[in-house]
Ligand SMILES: Cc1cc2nc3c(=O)[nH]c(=O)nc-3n(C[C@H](O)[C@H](O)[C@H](O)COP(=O)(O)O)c2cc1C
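Just one chain is shown here, as structure tokens, and it is the form predicted on its own.
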Amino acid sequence: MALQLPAWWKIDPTAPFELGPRRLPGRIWTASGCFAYGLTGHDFAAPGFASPYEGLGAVVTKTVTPAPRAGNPMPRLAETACGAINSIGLENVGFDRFCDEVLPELERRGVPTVASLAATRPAEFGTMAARLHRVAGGFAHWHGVEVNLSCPNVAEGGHDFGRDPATVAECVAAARAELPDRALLAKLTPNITDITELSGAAINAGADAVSAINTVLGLEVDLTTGQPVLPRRFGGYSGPAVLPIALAKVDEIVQKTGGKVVGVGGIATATDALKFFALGAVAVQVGTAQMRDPFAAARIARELRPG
């Protein structure tokens, strides 16, 4: 049965919209790490869909770091009754290979792309953004950068970027200076008392929007051993169970700061996505559901088209 859209919903989420200096092709995105780099979707097929990219506004890539990373020891993903806990450890090919091989191939295939970047010093975000612009400034399908601020700041004793508003601002400002014509987003952690302080710092430093939320800290236990399932004990919890948390954080940001928000967290259906739009989100990202079904975001985009 087709979804009965509410009377207040008038937006076509597959129509272009402006975010900062960039016009993106739609409001339904895939979340970082949940569709890899965005290169494998052409290998999938589903009845009624030309590809998993149909109707999408952006694929946010797997997070890329200055140097390649092998990631954390296995196992690093555990499914739960209402989601999944991961401790991937930012496994990626490294920034050089991303610029030389991955981003040009995404452009060749016409994949709408937002590059997710992580670093260990605030200034590195500027260095990475500058090279991205040199490499891809003429690309039609590279639309912007999402700075992943859940990494340790080695320059300041190892605390998380995402927990300190001043450091959030420094990271965003460094990237903003090098991205004159691309959208810039800051992905925020929910593992903090007041997410609006982080949002305000990011927006004031030049972010066009914040992505909220990143994963919630979680742990799962293997009862056969009596030990945590993940070798690093804790991981990032995502999936349907975090939806109410994400909605609450998005509402806080919109109501208290007025900043633009891309909603993330627990979205599996068009109904879930509508809840974020009802609270004022300008776009949404589909994460864990996209790992289970590579057409999840495309289905949501199709179901939310009015008429």
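What you see is a predicted model, and the numbers here were worked out from it, not measured in a lab. The first residue of the sequence shown is number 1, and the count goes up from there.
Missing here is the form predicted together with the ligand; even so, the following discussion is about that form.
A residue is said to contact a partner when one of its heavy atoms sits within 4.5 Å of a partner heavy atom; residue 113 fails this definition for the ligand in the model of the complex, lying far away.
A residue is said to contact a partner when one of its heavy atoms sits within 4.5 Å of a partner heavy atom; residue 148 meets this definition for the ligand in the model of the complex. By the criterion of a heavy atom within 4.5 Å, residue 119 is excluded from the residues contacting the ligand in the model of the complex. Not displayed here, the ligand is kept clear of residue 296 by more than 4.5 Å at the level of heavy atoms in the model of the complex.
Contact with the ligand in the model of the complex, judged by any heavy atom within 4.5 Å, is made by just one of 201, 129, 213, 106: 213.
239 is the sole member of 38, 52, 259, 239 with a non-hydrogen atom within 4.5 Å of the ligand in the model of the complex. Taken together, 77, 264 and 287 are fully in contact with the ligand in the model of the complex: each brings a heavy atom within 4.5 Å. Exactly one of the stretches 28-36, 250-258, 65-73, 43-51 approaches the ligand in the model of the complex with heavy atoms within 4.5 Å, and it is 28-36. Scanning 82-103 for heavy atoms within 4.5 Å of the ligand in the model of the complex gives 86, 88, 90 in sequence order.
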